[in-house]
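Take a look at this single chain in structure tokens; it is the form predicted on its own.
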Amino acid sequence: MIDFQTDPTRYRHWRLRVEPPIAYLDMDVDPDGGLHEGYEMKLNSYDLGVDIELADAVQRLRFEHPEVGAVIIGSLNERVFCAGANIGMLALAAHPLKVNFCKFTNETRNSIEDASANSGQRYIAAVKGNAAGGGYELVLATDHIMLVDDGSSSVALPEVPLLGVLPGTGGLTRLVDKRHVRRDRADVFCTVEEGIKGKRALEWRLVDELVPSSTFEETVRARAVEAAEATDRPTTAPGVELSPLQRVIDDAGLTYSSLRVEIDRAGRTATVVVLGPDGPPAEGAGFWPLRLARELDDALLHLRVNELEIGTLILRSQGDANLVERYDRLLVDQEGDWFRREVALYWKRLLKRVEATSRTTICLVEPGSCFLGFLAELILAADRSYMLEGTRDDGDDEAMVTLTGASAGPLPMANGLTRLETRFWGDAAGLEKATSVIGRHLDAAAAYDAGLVTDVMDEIDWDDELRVMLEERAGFSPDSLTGMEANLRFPGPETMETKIFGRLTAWQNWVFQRPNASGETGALRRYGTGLRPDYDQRRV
């Protein structure tokens, strides 16, 4: 089992040092610390285990260190900043692991950019040695790239000429969309194995600053201090420790403090039940929206990589909607509170992770549900949603859905739009109608009329209709479902983020399965053997 939980005391590949208002995050990959056997991670190359630690560090810096306004990403390897994804790992890994590795790595890079854009925690890359492939893609996620001018340090994206694959963590998109590198220069850059260094790297916008070796360390620190001085993060507020999750994992599913996952292997479904708060708001690590976000995040990642044959996620909730509403107000009306802002931003990233996961998502709204405010976004994030009309038993209250200000802006999708704007793309009247019900408690008929749920059913039809729908879904090709869902989930304008995930889902997914990359005579298998890859020369 691949576990996404870690903490700095367990890091094997990163060194985190906090010297307020700056943090140093240095890559120091243990060559023998691979997540699986069969490969050595030389030259600061990395696998999913390295990125799990990086994601943890980025998250902890946001929550545990509000006093940090700038983070310097560096390397403790003098000759190589980072050689990118480990080639031996990619050659040996099964296709799903390769794709999930790229997806998680992209999400981690996006979280760095989100911290810079929304949390006032700017990232600076201090590049000494060669930053190649995924190493340069990590650099591209930062705000400011500083390259030492020593005559040998360089940046490179050599995947096409060396490996027969693409820079799979957004490198191509960030080159032209984020750094505005001219497409002809980007074409040259991506086909030069040895990369580009010095003045040309600066001229082509591949880096932001070229610094002599003699002043590199002090100049990097000066830039970080400048960035930290511009932050709105509190300098004296105590951080919130991200304590270990309390969870039980067995063959039947997963159990957390505010969430449970029930796995039906025969039906290839996992029912994810969100449990509402058990008391009024309390700050700190026990703050229910933060606790729930961490647990749901962990469950999603577990299902992605450890339960590959579970094709459908059924989202349900149970709890007191009135208590949910009290927490929701704190996230929507943050009043300059850095901690509430971070929790809301975490929910934004988490909902995006739901939408980037290659699983069908079905949301069920039933009596006893608590889909209100930010939890109601799960309904809008799902591929389909069904609501039970009336009650199941005497004495039950009817199911209700309540949208709040959480649906009006603070939790945008990857396309930059709210889920309501995306749902009613090109339908101004539908959007106006849905927006007009914000703040109202909607029963099944009203929620359906507002276009918030796919269908409503009474108790007589509920179980049979859902069973037929789920059985039908399980009979479709998983590959075609992944492609269909990825194309349907993001109407509206393209952003750098939707391009990255769209290209990963389509192009890298395809390339990884082709013999030119992964076949016995393909580039991944023959890399380092001295033999040239034998390519199928037909263009498709």
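One-based numbering along the sequence shown. It should be emphasised that the depicted structure is a prediction, and the values quoted were computed from it without experimental measurement.
Here the subject shifts to the form predicted together with a further copy of the same chain, a form of this protein not shown in this document.
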**Study point:** Touches a further copy of the same chain in the predicted complex: V188 (any heavy atom, 4.5 Å)
**Key:** yes
Even though the partner isn't displayed, in the predicted complex is G151 close enough to a further copy of the same chain, meaning a heavy atom within 4.5 Å?
no
Original post:
Applying a 4.5 Å heavy atom distance criterion, does R60 contact a further copy of the same chain in the predicted complex?
Top reply: no
| said: Check P31 for me: does it contact a further copy of the same chain in the predicted complex (non-hydrogen atoms, 4.5 angstroms)? | reply: no
Within 4.5 Å of a further copy of the same chain in the predicted complex by heavy atoms, the stretch out of 211-219, 320-328, 153-161, 278-286 is 153-161
Only hit among E107, D297, D114, D383 for heavy atom within 4.5 Å of a further copy of the same chain in the predicted complex is D383
Answer key: of V99, L466, L345, M457, within 4.5 Å of a further copy of the same chain in the predicted complex (heavy atoms) is V99
Non-hydrogen atom within 4.5 Å of a further copy of the same chain in the predicted complex for each of D177, R489 and V540 | yes
When a further copy of the same chain is considered in the predicted complex, the residues of 473-508 having a heavy atom within 4.5 Å of it are R473, A474, G475, F476, S477, P478, D479, S480, L481, T482, G483, M484, E485, A486, N487, L488, R489, F490, P491, G492, E494, T498, K499, F501, G502, R503, L504, A506, W507
What changes in the predicted complex is the Cα distance between L504 and D184, by 3 Å or more; the two atoms are closer
The CA atoms of T505 and L157 move 3 Å or more in the predicted complex, ending up closer
